[in-house]
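Shown next are two forms of a single protein chain, provided one at a time as structure tokens under the names structure 1 and structure 2.
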Structure 1
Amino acid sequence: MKVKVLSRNPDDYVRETKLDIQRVPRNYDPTLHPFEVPREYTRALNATKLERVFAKPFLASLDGHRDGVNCLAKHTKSLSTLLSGSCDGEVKVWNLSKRECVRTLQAHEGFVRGMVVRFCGTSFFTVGDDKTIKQWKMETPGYGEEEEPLNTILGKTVFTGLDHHQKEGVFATCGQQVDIWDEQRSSPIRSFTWGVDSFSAVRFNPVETELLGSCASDRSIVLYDMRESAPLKKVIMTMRSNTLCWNPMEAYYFTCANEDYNLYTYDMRHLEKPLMVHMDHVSAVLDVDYSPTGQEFVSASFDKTVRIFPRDAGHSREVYHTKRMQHVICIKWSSDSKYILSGSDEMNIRLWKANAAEKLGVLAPREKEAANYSQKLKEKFQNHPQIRRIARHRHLPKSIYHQTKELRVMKDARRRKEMNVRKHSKPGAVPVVSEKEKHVVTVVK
């Protein structure tokens, strides 16, 4: 019988003395270069450094408002059209490719509280402090025509938010209650209340178009189904949520912007704890908007910064700030996923790149290839300490930097205290509560 065995001759790989050079098995295939990894690492390092050198996210500032910008609305059919409403009741329509205001109208007395473009793009709705809902034509009125709304509805109380259905002529407003309106009627077809005195935001789900979410003043987020007569359920948190945004690609997921400096992504089927807590802001988060891809979202905060978060990461990948920008009140991610628009307290709308180092304009095929290659290299070596340090590094304003440090110290102190209490208590008396569960008080169905 013949037995096959693997035989290795120690002379091929064992050194004769300690001073000999180690024998390295070498593959002579020309495509497998012995220094391939060190070369690629160097290229990845250079690509990461160049990315930070070319990171110039700020594109333009649209000025013309005479008071703080309170709300923004994207056109549903045109990429280059943006609508903005300010605190003095003025609405402006902007052409983003020319970066100029094409139309101004005095829509309300007092603040413009909410604004939304109809799904067909032919008209838009505004709500204001004067208790009215107004529908306006999208086209600029012709020569000699008056700037008149197509339709005006006078409500009983002040409306604080507004959103339109994705497919039908139905819209929702919130104020002291959440109302569902038909465009043809002057009174709401359905009203939802759940023992709350006021709501700050209402949003239709872009996928499951009959679902809505709203943020209430009693620190709760309430979910509704338009086909039902009562709200579905609500989750009460430790602090108030300012607004929420549904993920356009995942029907059940939404992210809410909270007063406790964090954002929370929930699955509406399991509201007991959030899927992810997104931390980095050092002041209340005022607005949030998803990228059309559903992979990332952008948040605007009272701490004068704009941050971009991957939907499944706890910390932001990018932070934008300028010396002049004050509290950022509203934020939108453009429908082509390339730009971010922020409206802030000091009357300006700013246009940013979603990818800070991205080259704009038409790219030659070689440029595209080079960009894709360096992107893949950065992904391959992203966990190397040197590359990670360079890619993550951001310059922050001094105040935010110090506040972040202070918050970290406070958090560590709280954690230490909790551990000490647990150490000196009866086993099991002080249970370990995860960061996700800490912020949810209860779920009511």
Structure 2
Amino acid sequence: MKVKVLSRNPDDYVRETKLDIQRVPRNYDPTLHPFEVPREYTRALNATKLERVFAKPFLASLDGHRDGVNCLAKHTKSLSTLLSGSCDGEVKVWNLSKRECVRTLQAHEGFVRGMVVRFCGTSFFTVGDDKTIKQWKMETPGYGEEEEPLNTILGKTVFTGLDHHQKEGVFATCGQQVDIWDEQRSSPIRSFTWGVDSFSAVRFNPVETELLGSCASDRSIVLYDMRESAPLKKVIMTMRSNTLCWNPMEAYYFTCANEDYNLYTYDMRHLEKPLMVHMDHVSAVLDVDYSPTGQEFVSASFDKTVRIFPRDAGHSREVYHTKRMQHVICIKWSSDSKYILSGSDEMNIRLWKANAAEKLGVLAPREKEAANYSQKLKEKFQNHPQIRRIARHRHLPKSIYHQTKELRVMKDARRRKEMNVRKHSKPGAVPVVSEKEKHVVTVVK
């Protein structure tokens, strides 16, 4: 007779001393782990619920301005520095980690219209309603020194926007025309005009550094090449765009914030039809900024909310609002892609988390692992109705909630009418026009 009976030595399964960690022998045999899918689903459901519980995006409010915040600028080299310009011509430099103002200067009379930090991070430019462009040192002046601009340029007309080249000492301003300036000269090296209009924003492409885009008040978006003497092309839309932002990772794409409550992502090669229409705001969109990953962007709106959109989704994944926040004028996504900064009408700058439920600070390896695991589970089961319902739910202020509803009703009515018209006319007489095509009037080259 040959016999063997299972006999385990406890020494192999129990820790030796109390200081050791417990031994956990594993066996991944699927029959020992029944209900794989239902258990994972339960975990995903719990993770989604917890995400909603821990979604506390608001971090801090930076107060100190004496008028509405009109523009923000990220420091190009330092993550913890932020510059803000207000409607009374004051510029403040903030230390974000300490959440305090480190420097205040009276830059302009009237609004500070635009502000940008030079790519080296040693100085910054401001433009204001007083028709001047000023260059300032980034360092605070020493004791006894006076706060004076390095350089002042007097323009002929009011400047409304400003952006700096990524690598060279060249910057662009917009007002009644788009001007390209050399830092060393007091007159523009090039001026672009296309019809009589005024421009509200100008942006350099961060990848193809010689390209520029600007939004004009005649409802058009104009693209330029700095090396050429004439603009490249423009697209005219049904409503005016307020600002635009280039995708930092995909050189061809840009997103513009429009007065018709939508944002449009364009491919600059094919302006006839936007790649995506991003809807959700219930009032004019005032500013937009991409995350450094190029996967998402954040928009600020007149409806007192901040929304985050995935680059390729038609609706926002997140909405931020507070009771006290008024019309949000300017928005920035921080360079480490973790935070969002919004400047609003009621003189405050707010610091938000880009991922509302993210835990800040250094994570232990096990915490990180758990977060990754739950993230993956949420992704896997995101389309199950129960989970999607919880993940999508956001509390909205009453006014916005009702306005959204109203807009939906209006849209449905319009669509219904069009359907009825189509039904009662000759086939093909009323063609189906997609949402993307609706908002573009023409493209001019």
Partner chain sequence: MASPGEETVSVPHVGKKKKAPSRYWQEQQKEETKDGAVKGTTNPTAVDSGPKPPKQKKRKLKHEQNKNKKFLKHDQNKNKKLISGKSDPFPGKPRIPGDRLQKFKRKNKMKKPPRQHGKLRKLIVRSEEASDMAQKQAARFDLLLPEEAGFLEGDEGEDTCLISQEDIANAVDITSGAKHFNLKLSQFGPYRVDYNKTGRHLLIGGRRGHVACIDWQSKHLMCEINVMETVNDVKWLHSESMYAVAQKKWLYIYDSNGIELHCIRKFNDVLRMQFLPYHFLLATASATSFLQYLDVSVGKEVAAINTKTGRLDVMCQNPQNAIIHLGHPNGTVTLWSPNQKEALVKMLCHQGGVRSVAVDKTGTYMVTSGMDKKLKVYDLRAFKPLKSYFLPAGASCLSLSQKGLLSAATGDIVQVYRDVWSTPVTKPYMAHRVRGAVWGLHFCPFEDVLGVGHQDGFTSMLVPGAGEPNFDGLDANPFRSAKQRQEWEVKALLDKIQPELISLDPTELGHVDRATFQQKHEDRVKALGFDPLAKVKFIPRYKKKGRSSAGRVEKRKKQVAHEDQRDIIRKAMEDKRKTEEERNRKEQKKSLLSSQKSALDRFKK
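Only residues modelled in both forms are compared. If you superpose the two forms and keep the largest set of C-alpha atoms that fall within 1.5 Å, you have the rigid core. Here, a residue number simply tells you its place in the sequence of structure 1, counted from 1. Predicted, not measured: the structure shown is a model, and the values here were computed from it.
Is structure 1 or structure 2 the form predicted in complex with its partner chain?
If we ask which form is the one predicted in complex with its partner chain, the answer is structure 2.
Determine, after fitting the two forms on their core, whether residue 424 shows a C-alpha shift of 2 Å or more between the two structures.
Comparing forms between the two structures, the residue 424 CA shifts below 2 Å.
Is residue 8 displaced by at least 2 Å at its C-alpha between the two structures when the rigid core is overlaid?
Yes.
Aligning on the core only, does the CA of residue 20 end up 2 angstroms or more away between the two structures?
Yes.
Do any runs of 3 or more residues shift their CA by 2 Å or more between the two structures on a core fit, and if so, which ones, in sequence order?
Once the cores are aligned, run 1 to 34 is the only one whose C-alphas move by at least 2 Å.
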